[in-house]
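The form predicted alone is given below as one chain in C-alpha cells.
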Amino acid sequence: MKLSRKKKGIIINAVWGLCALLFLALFWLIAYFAVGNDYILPSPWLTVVKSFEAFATADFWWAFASAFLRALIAFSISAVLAFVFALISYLYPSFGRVFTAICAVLRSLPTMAALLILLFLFRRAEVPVAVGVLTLTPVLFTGYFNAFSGVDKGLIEMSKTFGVPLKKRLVSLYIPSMKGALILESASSLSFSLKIIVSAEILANVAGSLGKQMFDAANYGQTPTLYALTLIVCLLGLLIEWSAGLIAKEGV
C-alpha cells in the first residue's frame, strides 16, 4: 500500500526533526564531557531525571499551568488586535503605513525597559501578559497583513464586481485563502508567547510562576533543575509548532 504524498511529507519532516534533536543531544553530550562539571553544564541524563522530578511535584504543574494560561491570554489578545489592525491596514493603506511605523517602534523597544515601565502600570502577576501583548502584536500583525496581501487578486476583483459584502468576502474568501498561513503564523507566535511569558516571569519575579522556579534554581545553584525546566519549555514550544504545522497541512 502506497503512502500519500502528504503522509510521506509528514514522515520525512518527523525524521529530519528527530535527526536535529539527536544532533543537539550529541553536541550537548560532547560539551558536557568537555566541561566536566554538572553545576556548569549538567549531563543530558541528569537533566531528564530532574525533569521527571519536576513532573512529580504539584508546584511545578501549578506554575506550568499559570505560564501556559498567561501565554494563551497574551496570544489571544494579540491575535485579535493584530487581525483587526491587519484588516484595516489592508483596506486603508494610509492607516497601514502609520500602524506599520508604530509596530516598528514597538519592535525596537527594549524588553527590559518595557517591563520596568509596565511594573508601574500593572500588578506584578499581570506584567508578563502585558509584555507578551506588546511583543506579539507587531509580529502577528506583519504575518497577518502579508496573508491578506497574498489572497488572489482576481477573486477579490470578481467578488467586488458582483457586489459581495465585505463581511461575506471575509468569511468566504479571505479567511479560507489565508487559513494555512494564519495557522502557521499563529503556531510560531504561540510558541514564542510561552517563551516571552516565562522570561517576563523571571524578570518580574512573579510569585509561584515557572519563571520564579527558574530564577530560584539559578540563584541557589541548582543548575540541573534550571536546565530541566528550560528543556521542558523548549520541548513544549516545539510540540506546539509541530502540531500546528500538521493542522495547517491537513487544512490546505
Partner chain sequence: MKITITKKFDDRLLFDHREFTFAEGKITCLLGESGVGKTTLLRALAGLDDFEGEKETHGNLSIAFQEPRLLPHASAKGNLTFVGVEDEAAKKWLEWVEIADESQSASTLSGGEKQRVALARALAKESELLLLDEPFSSVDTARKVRLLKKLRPLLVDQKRTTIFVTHDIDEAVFVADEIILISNGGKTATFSVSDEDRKTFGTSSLRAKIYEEILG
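Quick caveat: nothing in here was measured; it's all calculated off a predicted structure. Residue numbers count along the first chain shown, from 1.
Heads up, the form predicted together with the partner chain isn't pictured, but that's what we're talking about next.
For the options 81, 173, 118, 73, the residue carrying a heavy atom within 4.5 angstroms of the partner chain in the predicted complex is 173. For the options 88, 158, 98, 109, the residue carrying a heavy atom within 4.5 angstroms of the partner chain in the predicted complex is 158. A residue is said to contact a partner when one of its heavy atoms sits within 4.5 Å of a partner heavy atom; residue 177 meets this definition for the partner chain in the predicted complex. Under a 4.5 angstroms non-hydrogen atom cutoff, the partner chain in the predicted complex has residue 164 among its neighbouring residues.
For residue 168, a non-hydrogen atom is located within 4.5 Å of the partner chain in the predicted complex, even though that partner is not displayed. You can rule out all but one of 101-109, 130-138, 88-96, 147-155: in the predicted complex, only 147-155 has residues with a heavy atom within 4.5 Å of the partner chain.
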